[in-house]
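Listed next as structure tokens is one chain, alone, in the form predicted on its own.
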């Protein structure tokens, strides 16, 4: 890393901060922490702004003139969505990333952080995945739409920094989960959809829980509050063109995660692994040595995060069950 020490620390206290996000989960955690720091937070979630509409995005930036921007705008729908609607996912994620980064440049934003995902790594990347493995091989086909969009966002930050001198940085986050996640049974992520399945299996006295795949892949998950902490930490203390991994650096098999969820939910039935569904990469864990060297480490364990997420889910089950979440429009 060749950190630009003249640009750090970049203190957020008292600044006007724009949070661009397609989903609610990370935006909610990040907004709460920024407000505690004394920031004026401008919400650019999908209910307030269509991030894929360039004219609207440019006008929004011109109106609010933010000092700093967190660009977290990925539209996500899990493996099923990536297989059934890849063109839509790639198009919208490309448009959102490009619009926000260009608008930040035009509005002379002091600093921007773009969040991509570790899906950007090659399918055969050495484990744990290091930042220098980027672009050393083809993407994993299951997550290719997200990977391509993430890579474009990372590269845009690097090139705006190189050509225009913008203090734009980027990160690659691992799988995120927490309250306000998408708990849809088809389009939700691994942990929220499994929590939903296990809860309904328990409530209807089912004796079997269906899980997609073999259960053997090893994956890494970070709780939303930990991710928000890391993003704020890097916004204030990091300035370089190298995208950094943000995660826990620890993996668990899907089968191990299922057992944790069963214990938390209180479901004691059997598990049926549907091996007709794709597994993806056998192992996918990130190397977080670089961000740890800067002074940040995660605080919330996988089990504690699942408990917190399930607690929120239980309190909000009726509203979740009353609507088909799917992939947000």
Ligand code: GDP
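Computed from a prediction, not measured in an experiment: that's the story for all the values here. Positions refer to the first chain, counted from 1.
The same protein has a further form, the form predicted in complex with ligand GDP, not shown here; the description that follows concerns it.
- Within 2.4 Å of any backbone or C-beta atom of the shown chain, none of the atoms of ligand GDP lands once it is superimposed from its position in the predicted bound form; the pocket counts as open.
- Using a 4.5 angstroms heavy atom cutoff to ligand GDP in the predicted bound form, all of 143, 212 and 217 count as contacting.
- Proximity to ligand GDP in the predicted bound form, taken as heavy atoms within 4.5 Å, picks out 274-282 from the listed stretches 61-69, 274-282, 37-45, 299-307.
- Residue 189 belongs to the set of residues with a heavy atom inside 4.5 Å of ligand GDP in the predicted bound form.
- Contact check for residue 193: a heavy atom falls within 4.5 Å of ligand GDP in the predicted bound form.
- A residue is said to contact a partner when one of its heavy atoms sits within 4.5 Å of a partner heavy atom; residue 197 meets this definition for ligand GDP in the predicted bound form.
- Of the heavy atoms in residue 85, none are within 4.5 Å of ligand GDP in the predicted bound form.
- Between ligand GDP and the residues 127, 175, 241, 180, the one pair within 4.5 Å by heavy atoms in the predicted bound form involves 175.
- Among the residues 232, 95, 107, 254, the one placing a heavy atom within 4.5 Å of ligand GDP in the predicted bound form is 254.
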